[in-house]
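Below you will find one chain, with nothing else, as structure tokens; this is the form predicted on its own, and questions on how it binds or moves follow later.
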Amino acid sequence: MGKFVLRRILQLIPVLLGVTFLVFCIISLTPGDPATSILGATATPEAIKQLNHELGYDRPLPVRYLDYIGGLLRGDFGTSYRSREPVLKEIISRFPTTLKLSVAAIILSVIIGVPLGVLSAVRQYSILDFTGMITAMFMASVPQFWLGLMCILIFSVKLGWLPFIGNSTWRHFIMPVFTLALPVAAKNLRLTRTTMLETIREDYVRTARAKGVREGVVIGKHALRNALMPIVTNVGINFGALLGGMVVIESVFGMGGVGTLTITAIRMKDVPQVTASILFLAFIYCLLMLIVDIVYAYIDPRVKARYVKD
């Protein structure tokens, strides 16, 4: 297991380098320059040229990229063009908000989606199954920004129950969490139903029932455990997608997390901030995938035996 983990960590290096190269080049080659974004269109050409020189943006792209990689090797993620602060400091200060949203949303999506998926599979073609699948298809197809705006309109503007701007109290997180969780819960429901329907038709499930094992034990201990592999993968992927896809929801609700920081940096052409933010989220996503692989070993003994052998 230790060799497997070490090998996977070493594999992160080329992946993260590739992410860094793509993001750095794309944001650098887009039209415009950071000085114009910072000073505004009314600034004089001399002032824009001077600020670009101070930021080092007037140097060739390969030189700036190699300098950036050299800084990464020394633990320096760069300095923001906009705030003149270390970019890692800004990311760390905003990451707790993004993490809270993601963790709460993924937990809520599992609590809603997995049990309903199991019930839909156990009671296939029932009213519960039909209603759950129709609701899941609807929720999976609804854009998150529209769902967030509808929540604001109903629960904040019309009813006045919840605040919709900021992140200072737990009440500020209710609508963003539900907005993020419901589409993911719909995906979990559909996947859980599909995998459970396949599992409960297996021979070992029929054998357990023939031996007189209680239905709750058959479903919970035998069928669900063996159906968890794709569900765990889906939860891990969705968790990583939530971490990296907070731009829209954080903008709608004014949460001030890493997503908002990233979109602001893109608008200001803040190359170090954009690159560091996406690199940070990519690293977290890769770690999540590693954790998913390790969880596999505790769900399926066959996977654990392979890891031990490796």
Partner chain sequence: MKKMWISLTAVLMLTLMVLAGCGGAGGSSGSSGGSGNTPAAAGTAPSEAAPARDTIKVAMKSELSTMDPYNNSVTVDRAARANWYETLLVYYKGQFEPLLCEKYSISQDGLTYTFNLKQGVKFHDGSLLTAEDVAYSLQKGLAAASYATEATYVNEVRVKDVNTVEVELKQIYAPFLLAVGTKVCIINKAYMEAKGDQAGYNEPIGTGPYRLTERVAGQKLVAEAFADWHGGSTALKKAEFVVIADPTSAQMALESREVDLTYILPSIAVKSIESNPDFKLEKVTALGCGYLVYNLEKYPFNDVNFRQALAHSIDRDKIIASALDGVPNRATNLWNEEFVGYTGNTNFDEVDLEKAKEYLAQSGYKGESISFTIGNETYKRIAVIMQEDLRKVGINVDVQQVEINSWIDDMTKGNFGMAFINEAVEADVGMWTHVLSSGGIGVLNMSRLAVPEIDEAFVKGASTNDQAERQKYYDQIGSYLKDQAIVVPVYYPTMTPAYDKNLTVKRIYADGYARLCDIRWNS
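Owing to the predicted nature of the structure, the values given are computational and were not obtained by experimental measurement. Numbering follows the first chain given and starts at 1. The term rigid core refers to the most C-alpha atoms you can superpose between the two forms while keeping them within 1.5 Å.
Just so you know, the form predicted in complex with its partner chain exists too; it's not on screen, but the next bit is about it.
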query	finding
4.5 angstroms heavy atom contact with its partner chain in the predicted complex for residue 139	no
Partner proximity in the predicted complex: residue 156 to its partner chain, non-hydrogen atom cutoff 4.5 Å	yes
Residue contact check: residue 83 to its partner chain in the predicted complex, 4.5 Å heavy atom	yes
Residue 190, heavy atom within 4.5 angstroms of its partner chain in the predicted complex	no
One stretch from 126 to 134, 181 to 189, 233 to 241, 166 to 174 that, in the predicted complex, holds residues within 4.5 Å of its partner chain by heavy atom	166 to 174
Within 4.5 Å of its partner chain in the predicted complex: residues from 259 to 278 (heavy atom criterion)	266, 267, 269
Rigid core fit then residue 165 CA moved by 2 Å or more between this form and the one not shown	yes
